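The form predicted alone is given below as one chain in structure tokens.
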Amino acid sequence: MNTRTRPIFLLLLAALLLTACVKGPGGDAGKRAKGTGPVRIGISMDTLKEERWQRDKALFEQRCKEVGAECEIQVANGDDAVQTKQCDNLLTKGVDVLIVAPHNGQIAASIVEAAHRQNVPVISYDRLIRNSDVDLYVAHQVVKIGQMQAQYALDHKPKGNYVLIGGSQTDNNAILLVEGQMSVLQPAVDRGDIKIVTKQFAREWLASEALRITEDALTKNNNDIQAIVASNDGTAGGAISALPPQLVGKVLVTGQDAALDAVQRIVQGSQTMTVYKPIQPLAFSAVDAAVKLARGEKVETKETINNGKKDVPSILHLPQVLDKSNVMDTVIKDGYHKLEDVYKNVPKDQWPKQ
């Protein structure tokens, strides 16, 4: 090559290299260069069956809009294979970060592996993804919730027969809740103050499973049950529907999520308590963390939770006990539910004054 043609060759080579590095929508699975344009967040949800998950979805969308991020939400409807496929699809579309509320915390480890192969960080949302190198865990204090349920039951029914109804065994949270419950109840069992006559998990958190478990416990114990520690409001509702009329309101029943029908039962007297987990701070903090991770920025955390493989940096939000005494100061004050909806089955002259 002579000196006259060398500059032309170098210009052509530079143009070729530039073309190889800057890819359009079809290149590199449709990804665009990091740091250009809005952050794209892929959100994989297990279900929208329960009211609380519908809230999470709406709040994800709201917060993404507020911070200028794009998001795509896909729902697996309790199917592990579908959730895995949907996450693969989100990765193919070139999302910068994944938020995953797993159906099965063990199987979802493969989602983390797939994302990391594409250098996409993963946030485990509400439920911990087990045995994986997941980047961040955003949840409420799950063990604490179980402890709150059990302590409330012991404070109000310190002696007698107890029924424990867990959630789905594929959900790591269900296991953690029972661990929390038992950490409080076991000393009372050892003292002989209470007897756990039934301790079972409700498949897929189904109310119908809780109904079956409760009916069986009532039959075997001649209706001699003082407390039902149900792990969420769906199972609480199932358990209550199994109670004969003379026991409704007399058997203490716990719950979790502050679902509208549960809070309605609480003010009517059929369900005793629930654990209120404000969803807005949870969903907002997940989106805010996702934006930071996508940009390569540091997410500040104060705690870690071990998932079997590593101590996962965690943002853990504090839940609240909710019973008839503080409905006004919690869900209604926060705008989580409206007074007229909560008390619609209660005579209006018995409504609290605002």
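Here the structure is a predicted model, which means the values were calculated and not measured. All residue numbers refer to positions in the sequence shown, first residue = 1.
Absent from the display: the form predicted in complex with beta-D-galactopyranose (GAL). The rest refers to it.
Using 4.5 Å between non-hydrogen atoms, is R52 touching beta-D-galactopyranose (GAL) in the predicted bound form? Yes, R52 is a contact residue.
Is K157 close to beta-D-galactopyranose (GAL) in the predicted bound form, meaning a heavy atom pair under 4.5 Å apart or at it? No, K157 is distant from the partner.
Taking 4.5 angstroms as the cut-off for heavy atoms, does W205 touch beta-D-galactopyranose (GAL) in the predicted bound form? Result yes; W205 sits at the interface with beta-D-galactopyranose (GAL) in the predicted bound form.
Is N104 part of the interface with beta-D-galactopyranose (GAL) in the predicted bound form - any heavy atom within 4.5 Å? Because no heavy atom of N104 falls inside 4.5 Å of beta-D-galactopyranose (GAL) in the predicted bound form, the answer is no.
Selected contact from Q181, Q271, S124, Q256, since only one has a non-hydrogen atom within 4.5 angstroms of beta-D-galactopyranose (GAL) in the predicted bound form: By the 4.5 Å heavy-atom cutoff, the listed residue in contact is Q256.
Among 168-176, 85-93, 238-246, 72-80, the region lying within 4.5 Å of beta-D-galactopyranose (GAL) in the predicted bound form by heavy atom distance: Stretch 168-176 is the one.
With the partner left out here, which residues of 214-234 have a non-hydrogen atom within 4.5 Å of beta-D-galactopyranose (GAL) in the predicted bound form? Heavy-atom contacts to beta-D-galactopyranose (GAL) in the predicted bound form: only N232.
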